[in-house]
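The structure tokens that follow cover one protein chain in two forms, given apart as structure 1 and structure 2.
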Structure 1
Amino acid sequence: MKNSFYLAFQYIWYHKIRTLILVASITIIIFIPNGLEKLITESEVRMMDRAATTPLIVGEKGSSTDLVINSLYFQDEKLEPISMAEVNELNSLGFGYCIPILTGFNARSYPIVGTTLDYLKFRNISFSEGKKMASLGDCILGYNVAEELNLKTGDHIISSPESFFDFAGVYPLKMKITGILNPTNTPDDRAIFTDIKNTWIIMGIGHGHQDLADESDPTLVMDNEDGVVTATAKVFMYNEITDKNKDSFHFHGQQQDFPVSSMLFVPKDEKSLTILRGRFESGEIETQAVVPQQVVRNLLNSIFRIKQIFDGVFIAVGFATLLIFILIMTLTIRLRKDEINTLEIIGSSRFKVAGILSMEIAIMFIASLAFAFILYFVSGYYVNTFIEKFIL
């Protein structure tokens, strides 16, 4: 056995490239259906898990899928915003509390999620370093954002001026990183969390600027009629919130009119949830409330249907690969007739020769299985990417 393995291995090693091509083909054929199965199953588990831990999402009427994807995965789906008034209204009903979410802004291509500290508590995310954001201008990073951008507590990150909202006053805001979250294996790892007030500042609803009453520089004021001060373009708008300029930051208008992409509703109990859903269904509350689990289930069902088609294709491709493999092996044995003959003349039995050839096939299959096995487990790392790229 040892000698058969040795000779088989020598043969395979000598024909490295051919072996590699064969092993790669078998690996792919073994891996793809299984890996896909794993990715889909794992994706299902993760998506359902995240959906199941989110009882209700409330947002403007429209696509329920977009609403869920935006709220759970912070994907760039353009959502019609609702207002803070709706958040306050829902809070005032006493069925539970709302966690507002405002998305649509990015920093270095990672989504900025404006929310409240309740989000972290609700998702049960702990800190790997640093602490919660304390003041305006602070933010905390998901584990992967910090890893990939090599950022740590105390560093800064600047929001990109582009957004999905058509606001003219979107300014880049330099935010201070106060903490890095622990990994959660969810989209939270790839998000930048900040106080929703900060997102409003990024949006231009709130801002900080030089004191217009500063009499030392009269050029700041273009006009001052009946207490209506018109400022000149010289007024310096702050793009970073510091202890020094913190007090100059203010919001225009009533907070209840400020936008929110969606809100996660955390009910007091099952009964409250049922009553609240009833109110949504009866049209008493005008916004839309969706149960993420149902939406994700529908989304996954369509994925499963596609997967069934793929399964059929893989069976056919697998069978074709097997036939090609048999053909290659048959041709190889024919080409090696002289060698086999020599072995037999020198004193090898046919059984031994068959053993060596089988060992070659076995090594290739075991190697393919091993590679497929590694790929299978490594693919687990890409579940979130898979979800983002292929499911959402």
Structure 2
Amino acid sequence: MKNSFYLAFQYIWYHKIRTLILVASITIIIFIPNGLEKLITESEVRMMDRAATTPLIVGEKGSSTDLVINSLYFQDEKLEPISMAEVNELNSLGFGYCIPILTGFNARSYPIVGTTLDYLKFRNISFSEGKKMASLGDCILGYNVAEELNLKTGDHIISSPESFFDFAGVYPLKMKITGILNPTNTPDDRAIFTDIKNTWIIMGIGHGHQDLADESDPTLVMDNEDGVVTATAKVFMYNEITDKNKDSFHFHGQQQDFPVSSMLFVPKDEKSLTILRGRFESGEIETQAVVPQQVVRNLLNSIFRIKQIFDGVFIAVGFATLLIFILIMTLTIRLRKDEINTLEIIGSSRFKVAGILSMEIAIMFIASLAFAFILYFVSGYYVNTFIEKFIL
């Protein structure tokens, strides 16, 4: 056995390139199905955990999947908004309380989530540094946002314009960072939280500008009659809320008409949740309510069906690789005919020659298994990062 191993090892070491190609091929065939299984399993656990902790999501009628993906994972799914009036109406029923969420804006590719402080309490997220939002223009960073952008409390972050050619007069908002959250291993780590009023300002519903009451410049004031000032387009619009200008910020229209992407509903108890769902299903309440756990489960079932297709592909590719491997070994044996004859001449039996060839195959398969295990082990350190960036 020892001599067979020595001869086999020396042979495959001499033919390094061929051996490396064969080992790499077998390693990939072994690793990919197992790595994919690990990725999908971990994704399922993470997605279901977040969905299971959210009793109900309410939004405009449409795709329930888009509603859940937007509300739980802050993905850029376009939703028809509901109004604050519908949030207030649901709150007034006494079954629990609503947490409004307004998304659709980003800052340096990270989603801005307009909400209330109830969201942090509901998710049970604590601060690693800083404090809660105190006034307009404040924001809180998820742990990964602060780490990747190297930001700390007291710094500022600016919302990204939706378009470089924004003719609507909506300016990016410069927000002050008042706090940084502890890591949660959820999409909250990659989000920027701010008061929902700030997202309305980003939308252009609210704004601040210089005081025109005593202004006489005709390029700034179009009309000033009985204290009602009509401004021109030349008036400077603030894109940063400070102690000096925060009193100038105001909103156009009634707050009850302002948009909300969706709302998380937190019931008082299971009975309240059941009664409320019944009112939605009967059509008494016009918006739609979805149970995130059911929606995510249906989504994962679709993913598993896709995985089954991939598994079939990997089996076919693995079988083809095995056939190619057998072909290569068969051709190699034919090319090594003189070498095998020499071994037999010097006294090696056919059984001994077969043992040497089998040992070569065993060494390559064991090496492939070892490399596949190493890849599987190392990938475990990055699976959470991959899920957060590309799945959640």
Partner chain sequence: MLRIQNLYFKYPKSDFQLQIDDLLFNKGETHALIGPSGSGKTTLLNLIAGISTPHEGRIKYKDIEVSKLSEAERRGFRISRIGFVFQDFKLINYLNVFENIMLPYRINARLKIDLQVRSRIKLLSEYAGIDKYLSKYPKNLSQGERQRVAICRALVTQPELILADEPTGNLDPKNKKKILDLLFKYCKEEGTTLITVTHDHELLPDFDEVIDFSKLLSEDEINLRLNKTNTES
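All values derive from a computational prediction rather than experimental measurement. For numbering, take structure 1's sequence and count from 1. Take the two forms, find the largest set of C-alpha atoms that superpose within 1.5 Å, and that set is the rigid core.
Q: Two forms of the same chain here; which is the form predicted alone?
A: Note: form predicted alone is structure 2; the other is not.
Q: Look at L117 and decide if its Cα position differs by 2 Å or more between structures 1 and 2 after superposing on the rigid core.
A: Comparing the forms between structures 1 and 2, which are aligned on their rigid core, L117 does not shift its C-alpha by 2 Å or more.
Q: For G318, is the CA shift between structures 1 and 2 at least 2 Å following rigid-core superposition?
A: Comparing forms between structures 1 and 2, the G318 CA shifts at least 2 Å.
Q: Once the two forms are fitted on their rigid core, how many angstrom does the CA of L375 move between structures 1 and 2?
A: Looking at the C-alpha of L375 between structures 1 and 2, the offset is 3.9 Å.
Q: Enter the rigid core superposed C-alpha shift of M359 between structures 1 and 2, rounded to one decimal in Å.
A: Between its two positions, the C-alpha of M359 lies 9.2 Å apart after core fitting.
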